[in-house]
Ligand SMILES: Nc1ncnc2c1ncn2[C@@H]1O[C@H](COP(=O)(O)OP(=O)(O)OP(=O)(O)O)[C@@H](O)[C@H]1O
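Take a look at this one chain, the form predicted alone, written out in C-alpha cells.
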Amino acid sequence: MSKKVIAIANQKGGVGKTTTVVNLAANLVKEGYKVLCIDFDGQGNLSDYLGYSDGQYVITDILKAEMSKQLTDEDIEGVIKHSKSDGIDYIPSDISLSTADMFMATAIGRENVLKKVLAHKCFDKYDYVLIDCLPSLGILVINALVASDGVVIPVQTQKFALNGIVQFEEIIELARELNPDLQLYGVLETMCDNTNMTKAVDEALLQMYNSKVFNTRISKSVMASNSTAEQKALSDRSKLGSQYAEFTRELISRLQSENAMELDGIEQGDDE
C-alpha cells in the first residue's frame, strides 16, 4: 500500500496526543508496518518520549530547507532518528519550531510546506507517517492537515473537553480547501473513568460524530506518565497497553475498509 499520513490533533492540550502517537506507532510496528513519527510541537514531548537528546538537526531545519528549495533526501535521512526500544523512526523537534509562525509568514504556499517535504522519495519506504500536532489552530496545524490523508482527534472525557472542538472542525474544513480528500478517521476518547462526566462527554461525542467515535476507549491511568518517564511504549500486557493495541487494530480495519471502497470505485469507473 502507499503510505498513509495521519495527523493526531486537537487544539486542546493534555488530551493524550503524544501518548497516542507513540503507542499507535509501536503497535503498528508490531503489526509489521514501517512507521515514521514527526514531532510537530515545539515542546518536543514526542522527541523526549522516544529518547531524543543529541540536540542536532530537527524538523525546523527540514522546513526551512524546503522553503529555500535546498532540501534533499540525504538531508532528511540525516535528521531521522530511530527508537531502538520500540522500532520507531522519528523526526525530532525542539523549541525552535515555536518560531514557525514568523519564519513561515512570508513563504509562498506556506500551508503546503510539510506536504512538499513528505513528497520526497525517502518517505516512500514507510507505511505510516504519524504527525504529533501541537495544541493550536495556527500554521503548523494547517500544514499537518494539508499534508495528511486523515486525522485522528483524541478527546479527553473530562470537564471542558468539548470546548473548542467546533473551532477545530472549522480548521479541518479550512484545510480541506487545500486538501479536499482529508478524512476524519475518528475520535478517540482518552482518560476515561466511571464518572458521570465521562458518560456525558461520551454521549455528546456519539451525538456529534456517531460511528466516527472509536469503539475503543483509553482509560485514565498513571501508566501513561510512567511510560513517558521510561521512554518506551506501553506493554500490551497492561490494561492501557491492550487498549492502545485494540485501538490500533480498529484504525487499521477502518483504513482497510476505506481502501476497499476506493478500489471498488476505481474498478467501477474502469467498467464504465
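Just so it is clear, the model here is predicted, and its values are computed rather than measured. Numbers follow the displayed sequence, beginning with 1.
There is also a form predicted together with the named molecule; it is not shown, and the following applies to it.
Exercise. Verify the contact flag for K12: yes if a non-hydrogen atom of it lies within 4.5 Å of a non-hydrogen atom of the named molecule in the predicted bound form, no if not.
Key: Because a heavy atom of K12 falls inside 4.5 Å of the named molecule in the predicted bound form, the answer is yes.
Self-check item: the named molecule contact in the predicted bound form: V29, any heavy atom under 4.5 Å
Solution: Although the named molecule is absent here, V29 would stay clear of it in the predicted bound form, with no heavy atoms inside 4.5 Å.
Exercise. Give a yes or no for A245: in the predicted bound form, does one of its heavy atoms lie within 4.5 Å of a heavy atom belonging to the named molecule?
Key: Answer no; every heavy atom of A245 is more than 4.5 Å from the named molecule in the predicted bound form.
Quiz item: Would G150 show up as a contact with the named molecule in the predicted bound form if we use heavy atoms at 4.5 Å?
Solution: Because no heavy atom of G150 falls inside 4.5 Å of the named molecule in the predicted bound form, the answer is no.
Self-check item: One stretch from 29-37, 42-50, 66-74, 200-208 that, in the predicted bound form, holds residues within 4.5 Å of the named molecule by heavy atom
Solution: In short, 42-50.
Exercise. Scan 186-204 and write down, in order along the chain, each residue with a heavy atom lying within 4.5 Å of the named molecule in the predicted bound form.
Key: Residue within 4.5 Å: M191 only.
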